[in-house]
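In the structure tokens that follow, a single protein chain appears in two forms: structure 1, then structure 2.
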Structure 1
Amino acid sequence: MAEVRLENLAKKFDQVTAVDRINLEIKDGEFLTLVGPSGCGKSTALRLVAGLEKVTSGNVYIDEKAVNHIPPQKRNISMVFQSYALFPHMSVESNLAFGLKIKRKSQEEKMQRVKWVLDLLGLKGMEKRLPKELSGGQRQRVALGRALVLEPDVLLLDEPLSNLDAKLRLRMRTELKRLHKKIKTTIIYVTHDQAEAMTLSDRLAVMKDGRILQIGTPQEIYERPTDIFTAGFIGSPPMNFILGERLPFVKREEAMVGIRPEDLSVSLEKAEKSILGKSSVTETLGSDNYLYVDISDLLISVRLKPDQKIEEDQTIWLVPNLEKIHVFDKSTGRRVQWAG
């Protein structure tokens, strides 16, 4: 177990700045997620921590020791690649034992640790199989097991669930969470899936164009996004954005107002501080129903109360929960204080 600290870390490939001076502290035993759209530099950041890429500038510290010049094999980290990177010519057992062999563990300890991982991840009976004889979920678990068996200081996971089908992904999500509770290793997790990031992490760092926009607990980021990108990226269905001048009760020039679907309620009668609109289709997402509302050229999503039913093409009023609205500066995209 260890702390990781990134200090003004940057990586340039020829013309592209993949990671742009990021600062981040990951606490001992923490599950931290780098989340952001594809191409924003998450993998590169992770590979910098692993030592698979040379830093352009800045520093990586593991337990307060600068590791910039230490090769990956000496950093006592483990990484699970998106492709799993199982060695195709080795059995599950040999894959799992690969790192232990290098560390010259005794035969007994090796067996014991491999057995521990097989039990932990429900892989018993698969020892002799080759990777190609495993299902996607099993491969994923072998890859995870191969990293865990070394008891690394830091575990790096690059979109480990993205190659699984939706159902398995959900199951592995809970398993990962349970696993982290049990082993308490420091984990840096990379994903482009905000829902995954929100459910798994202790804290998350939202990235865009190589920069970290916001760091915080899932709740902090959900409730107080510091900029418009984060606000729109986290949450599903995404936050609605309405120009400030269309909401006379938000007395601020040049504002973009963000309102989450659950912070709006539908009224069939004219209400104070509300937005006039016309109801459109209702969509069911699990247990929640979302109504889409036309307000001139904009489509707004609203979470309906349970049992609430709204016909199409009705004139309705949307009443925002004023305590929960987010106001951003239109030009900078940054959150601004707003006294309702």
Structure 2
Amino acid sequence: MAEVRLENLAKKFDQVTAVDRINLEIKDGEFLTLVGPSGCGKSTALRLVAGLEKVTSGNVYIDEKAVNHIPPQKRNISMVFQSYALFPHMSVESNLAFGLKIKRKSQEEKMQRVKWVLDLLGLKGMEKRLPKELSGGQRQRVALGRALVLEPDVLLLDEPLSNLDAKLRLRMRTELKRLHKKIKTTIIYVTHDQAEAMTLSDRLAVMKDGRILQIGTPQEIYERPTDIFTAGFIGSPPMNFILGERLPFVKREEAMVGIRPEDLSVSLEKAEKSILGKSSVTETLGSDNYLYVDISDLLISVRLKPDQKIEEDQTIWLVPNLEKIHVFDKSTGRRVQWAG
């Protein structure tokens, strides 16, 4: 295991800045996720840590040692890619042992480590199968096992679950969390899926345009986002945003007010500090139902109570939990204090 520190790390491709002077510390044994939309620089940042891209400026430290000029194979880092990258002509066993063979480990050590990974990832009995004979989830476990068998100080995971269907992705998330608790390796994970990031991570670093906007635990970022982008990106359905001048309880032209769907309730009668609207469609997601409400030219989502049913085109009032609203400066997008 190891600590990783990024110091003013930057990467340019010609005139495009992919990573823009980011600073980040990943603790020994921590599961940290870089999360953000496609093109935000998260995968490039991961490749800079791995040594697969050359740093334009700044430094990558592993256990306080600068590794900018150390080749990837000497950093004791393993990386798992979105594409699995298994050798199609090799069995599961041979795929797992390949890195150990390159490192010229003894036959006894190779057998011990491969057996450990087979047991750890539930692949026992599949040793002789080729990748084409495995399911997507099994292939992903082999790719993960091939990285773990090298006993890396740091494990880098670049969108490893994005090729799986929804049900399998959920199961693999559970397995990854269980695995991290068992092996306690430092993990840097990259995903554009905010639900994946929230459920897996000790901490998140939310990225946009090559920069880190906010770092914190999933709960900290969900409950107190520092800017409009983070507030809208983290959470599903996303946070609702309403201009302050349209709300009787704010009335600040420079304010953008954010309210999460679960922090609104529906009333069929006018209530104090409520928002007038007309009910539109209801989206049923099994355990949760969401009502979409028209307020002038804006569509607002609200989570209904389990037994609550609202007809379409009905005049209603939305009552916000004023202790849970978020207020941002409209021009800068940054969070501002609100006294209620």
Partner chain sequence: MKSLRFILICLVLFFIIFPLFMMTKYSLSDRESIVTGGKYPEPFFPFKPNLEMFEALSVRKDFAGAGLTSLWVGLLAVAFSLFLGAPTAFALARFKIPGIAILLFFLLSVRLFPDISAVIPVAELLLSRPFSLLPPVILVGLAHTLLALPYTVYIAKGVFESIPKDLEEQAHVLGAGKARTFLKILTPLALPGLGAAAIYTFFLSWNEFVFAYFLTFQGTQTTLPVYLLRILTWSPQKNFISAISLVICIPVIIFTFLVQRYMKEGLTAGAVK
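If you superpose the two forms and keep the largest set of C-alpha atoms that fall within 1.5 Å, you have the rigid core. Throughout, residue numbering runs from 1 along the sequence of structure 1. Remember, it's a predicted structure, so these values are computed and weren't measured experimentally.
Given these two structures of one chain, say which is the form predicted together with its partner chain. Only structure 1 fits here, because that chain is the form predicted together with its partner chain.
Has the Cα of residue 182 moved 2 Å or more between the two structures, judged after a core fit? Where the cores coincide, residue 182 shows only a C-alpha shift between the two structures that is less than 2 Å.
Aligning on the core only, does the CA of residue 270 end up 2 angstroms or more away between the two structures? Superposed on the core, residue 270 moves its C-alpha less than 2 Å between the two structures.
Superposing on the rigid core, is the CA of residue 90 displaced by 2 Å or more between the two structures? The answer is yes, as the C-alpha of residue 90 shifts between the two structures by 2 Å or more after core alignment.
Residue 251: how far does its C-alpha move between the two structures, core aligned, in angstrom? Displacement of the C-alpha, rigid core superposed: 4.2 Å.
By how many angstrom is the CA atom of residue 104 displaced between the two structures after fitting on the core? Rounded to one decimal, the shift is 3.0 Å.
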